[in-house]
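Have a look below at one chain only, the form predicted on its own, in structure tokens format.
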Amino acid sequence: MSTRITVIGGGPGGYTAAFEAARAGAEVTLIEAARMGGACLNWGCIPTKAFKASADALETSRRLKEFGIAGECEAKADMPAIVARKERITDILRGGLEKTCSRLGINIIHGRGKVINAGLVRVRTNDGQDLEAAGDSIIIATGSTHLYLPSLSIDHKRIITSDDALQLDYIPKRMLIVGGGVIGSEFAFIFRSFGSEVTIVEGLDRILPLPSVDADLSKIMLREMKKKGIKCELCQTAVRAELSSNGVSIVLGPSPFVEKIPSSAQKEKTIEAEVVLVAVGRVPVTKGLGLEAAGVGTDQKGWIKVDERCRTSVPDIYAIGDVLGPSKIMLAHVAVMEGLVAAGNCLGMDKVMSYDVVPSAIFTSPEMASVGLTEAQARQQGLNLVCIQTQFRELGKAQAMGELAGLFKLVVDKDTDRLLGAHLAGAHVSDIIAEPTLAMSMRATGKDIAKTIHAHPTLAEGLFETARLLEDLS
């Protein structure tokens, strides 16, 4: 009799685990409450990149004279058409996932699962039926959802989430974005390109205030936002909101999260907006999952706790993806690898998840990408460092493309020449980050990159030129 595995959640981690187990001969049941593909495919990664592609095309149309293209261009954002294109893309990809499930013999149940024990999940289907999925092990991959602020009551019309922003059929004249992290920053550039006046409110003292984002990248991001006309209100938080017939009035106050508040942020101020987009964080999707009764351990905020093999406190119950929370890394590609680890261990293997080398990409304008330690993190560890960087504009390909903003920064252990981190800003760095990620995975040195022939003219040459600076420091 084949191993029976029940996967709860059909996002990147869940469907990857289901595919892996099914290909290995397991009998797999996949439970999904909404759409196959989860938040990433339906409300996150893919839809926002479709929006960004439209924004990039619009920005290019405004720069045609720079490229020697004569004639007038009256291009503008057609929101219903942009939303329709986004829907076509997600429909195609979701259909591909469903076909793969069918081909692999995976039983899909559309509904909400409740864990009874490692061998049983009860499901209330979306059409009201009660079913049971019995098996040998369970993989929980229910993901995360929006964090709501008490001061900003979401009405999905004037005060919205990122999900709502992807359904807007008009361009807000004035958009206020609460949260200057990845989601807020990406939407800021998108809607600024579409024609909105955009203001970002961030409670900390820099844009993209993530530990994994190097301070030099945050500086570039703030500079490029200002160039685009995106206003940034740092060290401030939204105190309260008042709805009106024309939009929303948001009162900002000094942030409780920053010790030294600049004078410009010490007094309350009011900002008027047509739409307020709240993008301040995520919470786990575990309501009704039955974790406590089943004995599955969570932390104080409800994130599921697992070991290095993605095992929970209950034998044969595993958890992967965003539901593990920020103690791990909440990225789709991390969930994929966790899915492979969990599926393998359900099948009797001994797989271990490593978070040592994980790339991240932020699809702003310009893009940002990182892997490994930031300069600040490396210095906190007391390492003997050398940090080297070059400017994006020094590349011939960047000049030819008209994409000048950005940099290449490498963080290197001075004693061993080991590459500790890479932090990139510029066009297509979300693709270029794969090279230093592989280098770090292979424990290559900065000088190994300098010895590698890079094609010319390319943007990846920036890594080559930056690494070559190590030779001058020898």
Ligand code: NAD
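Since we're looking at a predicted model, the values are computed, not measured. Throughout, we count residues from 1 along the sequence that is shown.
FYI, the form predicted together with the ligand isn't displayed, but the following is about it.
Spell out, yes or no, whether the shortest heavy atom distance between K86 and the ligand in the predicted bound form is within 4.5 Å. Contact check for K86: no, nothing within 4.5 Å of the ligand in the predicted bound form.
Wondering, does F257 line up within 4.5 Å of the ligand in the predicted bound form on heavy atoms? F257 belongs to the contact set for the ligand.
Answer yes if any heavy atom of P366 is within 4.5 Å of a heavy atom of the ligand in the predicted bound form; otherwise answer no. Residue-level check for P366: no, no contact with the ligand.
Examine I230 and determine whether its closest non-hydrogen atom to the ligand in the predicted bound form is within 4.5 angstroms. No, I230 sits far enough from the ligand in the predicted bound form that none of its heavy atoms falls within 4.5 Å.
Has each of G180, V280 and A361 got a heavy atom lying within 4.5 angstroms of the ligand in the predicted bound form? Yes, all three are in contact.
Answer range among 120-128, 328-336, 104-112, 260-268 for contact with the ligand, defined in the predicted bound form as heavy atoms within 4.5 Å: In the other structure, the partner sits against 328-336.
Report the residue, out of I171, L222, L149, L385, that has at least one non-hydrogen atom within 4.5 angstroms of the ligand in the predicted bound form. The option sitting close enough to the partner is L149.
Heavy atom within 4.5 Å of the ligand in the predicted bound form - the one residue of T312, T374, Q236, S137 that qualifies: If I apply the 4.5 Å criterion carefully, the residue I get is Q236.
Taking the ligand in the predicted bound form, which residues along 177-210 bring a heavy atom to within 4.5 Å of it? In sequence order, V178, G179, G180, G181, V182, I183, G184, E186, V201, E202, G203, L204, P209, L210 come within 4.5 Å of the partner.
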